[in-house]
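As a starting point, one isolated chain is supplied in structure tokens, in the form predicted on its own.
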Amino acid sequence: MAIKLYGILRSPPALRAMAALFEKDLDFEFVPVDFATREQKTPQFLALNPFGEVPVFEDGDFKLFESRAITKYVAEAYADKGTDMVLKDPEKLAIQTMWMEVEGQKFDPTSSKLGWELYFKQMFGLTDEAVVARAGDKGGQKLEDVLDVYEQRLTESKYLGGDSFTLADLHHLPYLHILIGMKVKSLFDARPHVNAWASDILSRPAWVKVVSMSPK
């Protein structure tokens, strides 16, 4: 039964799911969703994801939406293939899971806001510099505050989850890729361990393959 991933190639969540599939060396069909015609709001698509968002994942008759759920399924269902991205020891897995939560709760809210302003809105000259200046999560935490915590963590281990690349690192890839190419790159340059970690995971063959498929 064929694996399918529905999405658009500018969607960070879709690229996150795609990275996991490439890390596992899985054959899959990428099915483009036409946002210009609001295909994501059609009854057919809403049957796959009632929120009308991408990505959507199909593995035969099994269907999932939400990129982090997809990456977790791929990592566990295909544990015998490609890169092992889930730690087996219960304590180490708990630490990995903690940093996966940090990505979703701390890194993503501010990085996605910055990515929207500096990358997506910039295409149309609509970047709001005031929003960029105060970008943070609901608690007012800014990207540099999060990266300070990462810098300390990465003095203790090579990767966020431990000594090997895991989903805790993979989940960061789309917005790391965007932000490293923007003026906020200086925030990464100023933190040597964060910078080395970002350079490492952004150079992984699976992510390089994702980038090669994305619009320039």
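Fair warning: this is a prediction, and the values are worked out from it, not measured in the lab. Residues carry their position along the shown sequence, with the first being 1.
The following text describes the form predicted together with another copy of the chain, which does not appear among the structures shown.
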Checklist line | Of 87, 114, 146, 75, the one that lies within 4.5 Å of another copy of the chain in the predicted bound form (heavy atoms) | finding: 146
Checklist line | Segment that reaches another copy of the chain in the predicted bound form - one of 187-195, 58-66, 162-170, 24-32, heavy atoms within 4.5 Å | finding: 58-66
Note to self: Can you tell me whether residue 79 touches another copy of the chain? I mean in the predicted bound form, with a 4.5 angstroms heavy atom cut-off.
What the structure shows: no
Margin query: So, residue 83 and another copy of the chain: in the predicted bound form, are they within 4.5 Å at any heavy atom pair?
Written below: no
Notebook entry, point to check: Is there any non-hydrogen atom of residue 50 lying within 4.5 Å of another copy of the chain in the predicted bound form?
Noted result: yes
Checklist line | Whether 151, 154 and 180 all lie within 4.5 angstroms of another copy of the chain in the predicted bound form by heavy atom | finding: no
